[in-house]
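Taking the form predicted on its own, here's one chain by itself in structure tokens.
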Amino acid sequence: MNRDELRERLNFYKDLGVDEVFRREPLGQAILSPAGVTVDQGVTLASASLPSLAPEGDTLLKILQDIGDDCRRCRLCEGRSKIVFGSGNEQASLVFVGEGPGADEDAQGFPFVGRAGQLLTQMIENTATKEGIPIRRPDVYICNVVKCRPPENRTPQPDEMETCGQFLFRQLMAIRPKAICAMGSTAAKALLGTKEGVTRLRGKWHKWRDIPVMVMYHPSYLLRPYNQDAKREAWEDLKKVLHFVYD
């Protein structure tokens, strides 16, 4: 088992609430029983703390280097042009997590630069201005669950999300924001491990590790002309997040 596979396995057990592992001691060691009799203990189990999935002193630069210039860990590499890692303030108090790169992002190598990204920028900056909060898009950090564009912008498959999830985990642990905004059902599923939709999850706080998470509609969903109620709800959710983080 290589390092990446080990990290994925440990991440799975950590999400289940397991925080200890047991390792086997060498065979055939003799121990002295309380009665003074020597006993061959065979195999004993020694408790050890579950190692962190994020290396000590981890940084965004180190994570980017570990991904590499031509990641081939899953099938998404087959059609991508560029790996889209993330952008923004590396010490941000607020991180936005989306689903995956689209065509514009795949071409430029930066997240949320197409129509949905332009709407997200307007939402962040207009809401902050109206609420008297002096931030702009470069003050937050934005990334996606998967770093390569899925074919035809399809939803990422579970194994693709799991493979890229180790890097999202490390990004969030390296930044340690005050709050995370999960945009859309894919981001919510990746962070919260839930099957519930955005409509049921939005408007209230959840937790990823010990970091508060607000689920909101993905900007691409808000671009559809019939989603007027969703637009209003998204603005309300974003306003709640901004006041929580920056007040």
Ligand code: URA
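Start at 1 and count along the sequence shown; that's the residue number. These numbers come from a predicted model, not from an experiment.
The protein also exists as the form predicted in complex with this ligand; that form is not presented, and the subsequent description refers to it.
- The candidate spot formed by Glu160, Gly165 and Phe169 is out of contact with this ligand in the predicted bound form: none of the three has a heavy atom within 4.5 Å.
- Residue contact with this ligand in the predicted bound form: Lys189 places no heavy atom within 4.5 Å of it.
- At the 4.5 Å threshold, heavy atoms of Phe112 reach this ligand in the predicted bound form.
- Taking the partner from the other structure, this ligand in the predicted bound form has no heavy atom within 4.5 Å of any heavy atom of Gly88.
- When contacts are judged by a 4.5 Å heavy atom cut-off, Pro177 does not count as touching this ligand in the predicted bound form.
- Residues of just one listed stretch (121-129, 73-81, 169-177, 100-108) have heavy atoms within 4.5 Å of this ligand in the predicted bound form: 100-108.
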